[in-house]
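What follows is a single chain, given as structure tokens, in the form predicted alone.
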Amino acid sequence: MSSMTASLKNLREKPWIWSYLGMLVVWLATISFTGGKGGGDVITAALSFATFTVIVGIGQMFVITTGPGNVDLSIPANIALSGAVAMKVMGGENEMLLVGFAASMGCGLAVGIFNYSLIRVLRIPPIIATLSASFLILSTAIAYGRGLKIKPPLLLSDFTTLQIAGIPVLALFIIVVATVMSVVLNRTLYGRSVLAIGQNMRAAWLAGINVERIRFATYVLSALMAALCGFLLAGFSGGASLNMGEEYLLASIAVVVIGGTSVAGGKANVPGIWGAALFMFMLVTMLNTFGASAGIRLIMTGLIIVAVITIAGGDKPER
């Protein structure tokens, strides 16, 4: 009995584990319904599509970790603009791949600087600043990429769709990226500063941390991750489109929360983002397999996500 209590306590202290348990339960329910058919295909598809959610989720996680009110709502527009710019610069030529990547990252850098300028210089709350910025960014993408029908270079499309033994190479690449970002979060001065600012911004400032410089770097990081997503997603999808980032607005926030990051700031977890992204994809797959209508899928998805977050538990209010 005591060992079971200890195990439950450990799970409560590591809420990100629940996203993996939820993923496993949903996957088992899906293959049980299909009689065991297609289980491997579901995992392959989940790894392929969840990868893009993980990319933007990592950037969003760093922003949210800096404290209440910090969020980046410009991600979908950034994805659209970065993807369109990269495709137009490359023109489908393999020789222009690095130039297109640099152009995409340049867009992300500009968006990150613009977002933080609105927050810092004009004193606009982050949620309003990044939402306002998204309209300007999307308008730029529309003006720049209207009617854009350029296929990605063959090297890019091959890289984003290549599989080894049913495992997408892109997923393996992003696992490496996530590992690096986990080290950055937990082992570097920057990462520890992000956590300290989220726990208590004034205390972090009194401790000698350059709060505004760290916040600036964090919004730029989020924008760069969104730009990377736009670049890779355009290659995976066969080209850029103005609406290809729409689904990542709420998804980038949902995977952060489900993955064990505190919305109050000061507490984050990179591995949990992978579990949350896989869980969300498999949840939609399960409901589609069950033949649920669009309305029922939305309701059930919301209820199950709330249940996972509730079971995992949040931060207890301190006196």
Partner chain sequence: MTTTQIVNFEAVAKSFGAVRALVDVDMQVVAGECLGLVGHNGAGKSTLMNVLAGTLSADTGVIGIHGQNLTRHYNVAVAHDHGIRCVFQELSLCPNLTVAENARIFHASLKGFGWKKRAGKMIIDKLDEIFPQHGIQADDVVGDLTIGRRQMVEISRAFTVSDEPLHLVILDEPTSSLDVVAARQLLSFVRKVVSEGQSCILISHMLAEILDYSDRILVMKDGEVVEEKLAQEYDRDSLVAAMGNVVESEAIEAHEENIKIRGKTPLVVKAVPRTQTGGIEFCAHKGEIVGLAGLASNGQKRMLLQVFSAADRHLNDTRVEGPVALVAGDRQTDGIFHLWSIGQNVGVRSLKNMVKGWLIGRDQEDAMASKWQAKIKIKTPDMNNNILSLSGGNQQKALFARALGSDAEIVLMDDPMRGVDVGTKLEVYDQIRKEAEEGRTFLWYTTEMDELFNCDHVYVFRNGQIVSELSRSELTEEKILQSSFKESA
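It should be emphasised that the depicted structure is a prediction, and the values quoted were computed from it without experimental measurement. Numbering follows the first chain given and starts at 1.
If you look for the form predicted together with the partner chain, you will not find it shown, but the lines that follow are about it.
Checking 183, 96, 102, 169 against the partner chain in the predicted bound form, a heavy atom within 4.5 Å turns up for just one residue: 183. Contact with the partner chain in the predicted bound form, judged by any heavy atom within 4.5 Å, is made by just one of 217, 175, 89, 209: 209. For the three residues 27, 48 and 272, a heavy atom within 4.5 Å of the partner chain turns up in the predicted bound form in no case. Within this chain, residue 85 is remote from the site of the partner chain in the predicted bound form, having no heavy atom within 4.5 Å. The closest heavy atom approach of residue 265 to the partner chain in the predicted bound form falls within 4.5 Å. Contact check for residue 204: a non-hydrogen atom falls within 4.5 Å of the partner chain in the predicted bound form. Proximity of residue 189 to the partner chain in the predicted bound form: non-hydrogen atoms within 4.5 Å are present.
Comparing 217-225, 159-167, 103-111, 195-203 against the partner chain in the predicted bound form, the single stretch with non-hydrogen atoms within 4.5 angstroms of it is 195-203.
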